[in-house]
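Only one chain comes next, encoded as C-alpha cells, the form predicted alone.
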Amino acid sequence: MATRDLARRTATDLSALLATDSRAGFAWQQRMWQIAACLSADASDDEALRTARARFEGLYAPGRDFADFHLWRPDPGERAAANARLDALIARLRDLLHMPPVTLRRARHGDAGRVAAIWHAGWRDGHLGHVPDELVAARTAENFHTRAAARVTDATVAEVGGVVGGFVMVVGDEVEQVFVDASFRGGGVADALLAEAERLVAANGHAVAWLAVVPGNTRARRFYERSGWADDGAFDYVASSVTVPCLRYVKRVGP
C-alpha cells in the first residue's frame, strides 16, 4: 500500500479504535491519539507524516513492545477482536516506519508514461490558482506526455518497491523539475531526489544551484527551506511563452 493511503487508513482505524472505552495506559493512548491526528491532518504532507513517524518511534522505543497494552471489552470475543485490530494497526504503523528504500536510477524510455502522469498531477497540485490561466490551458495531459517523451532520458527517477514514485530533471545549474507522486510523499522520495539534483548541479561544475517556485506553492517552499534552500527574491519565469511570477530559491552545493 502506498504511503499516503496507508497513513489515511491507519489514522481512520486508529481513531475509531481509540474512541471506544479501553483500559490501556492513559499516556500511551494520548500518544496514539497524537499519531492519529498527525496522519489524518494531511497524509499527503511530508512534514505531518514525518512528525507522526517520530512520535511513533518515541513510543516504540528499543526494547519496548506493546505487550503490556490491551484494549478492554466485557465480552471475551469482542476483547480478542479489538486487540487483534490493535495488533494489525501497530503492524501498519511499523510499515510506515519501514517503507521500502528509495533507489535512484536514470530514467528510460519505458518510464515516459509514468513520468508524464506524476508530472501532470504534481504540476496541477502545486500550480493551479497560482499561475496565469494561459499556462494552465497550455499544460494539458497531452502536453505533459509529449514533454515527458522528449525529456525522459534527461530525468532521474526514484523507485520505491520497484515503482517509480518521482523524478527530477537538472539543466546546468537549474533544478528544473522535482515531482513526487502524492502516494509516495512522506517516504523520503523528495529528499532523495533533491539531494541527487544538488549533486548533479555540483557535478556540472556549479557552486550554486537554483530553482523557480511560484509563491503560492507553500508546501514546496517549506520543503526547500527545510532542505537548506533560501529565497533569493522574485523574478519572472517564462514557460510556454507565458510570463509567470516566481521566486528564485538557491543553495550552495560546491566550493
Ligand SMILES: CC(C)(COP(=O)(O)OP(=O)(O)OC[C@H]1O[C@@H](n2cnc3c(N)ncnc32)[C@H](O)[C@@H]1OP(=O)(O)O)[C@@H](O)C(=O)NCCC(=O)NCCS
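Small disclaimer: the values here were computed from a predicted structure and weren't measured. Note that residue numbering begins at 1 and tracks the sequence as displayed.
Keep in mind that the form predicted in complex with the named molecule is missing from the display, and what follows is about it.
Among the candidate stretches 152-160, 138-146, 109-117, 172-180, which one is within 4.5 Å of the named molecule in the predicted complex when only heavy atoms are counted?
Checking each option against the 4.5 Å cut-off leaves 172-180.
In the predicted complex, is there a heavy atom of the named molecule that lies within 4.5 Å of any heavy atom of Asp191, even though the partner is absent here?
Flag for Asp191 set to yes.
With the cut-off set at 4.5 Å between non-hydrogen atoms, does Arg79 touch the named molecule in the predicted complex?
Close contact is absent here: in the predicted complex, Arg79 is far from the named molecule, nothing within 4.5 Å, heavy atoms only.
So, in the predicted complex, is Ala220 in contact with the named molecule at a 4.5 angstroms heavy atom limit?
Because a heavy atom of Ala220 falls inside 4.5 Å of the named molecule in the predicted complex, the answer is yes.
Give a yes/no on whether Ala195 approaches the named molecule to within 4.5 Å in the predicted complex, heavy atoms considered.
No, Ala195 stays farther than 4.5 Å from the named molecule in the predicted complex.
Each of Gly129, Tyr237 and Pro245 having a non-hydrogen atom within 4.5 Å of the named molecule in the predicted complex: is that the case here?
Not a single residue of the candidate spot has a heavy atom within 4.5 Å of the named molecule in the predicted complex.
Using the arrangement in the predicted complex, list in sequence order the residues of 192-216 with any heavy atom within 4.5 angstroms of the named molecule.
In sequence order, Ala212, Val213 come within 4.5 Å of the partner.
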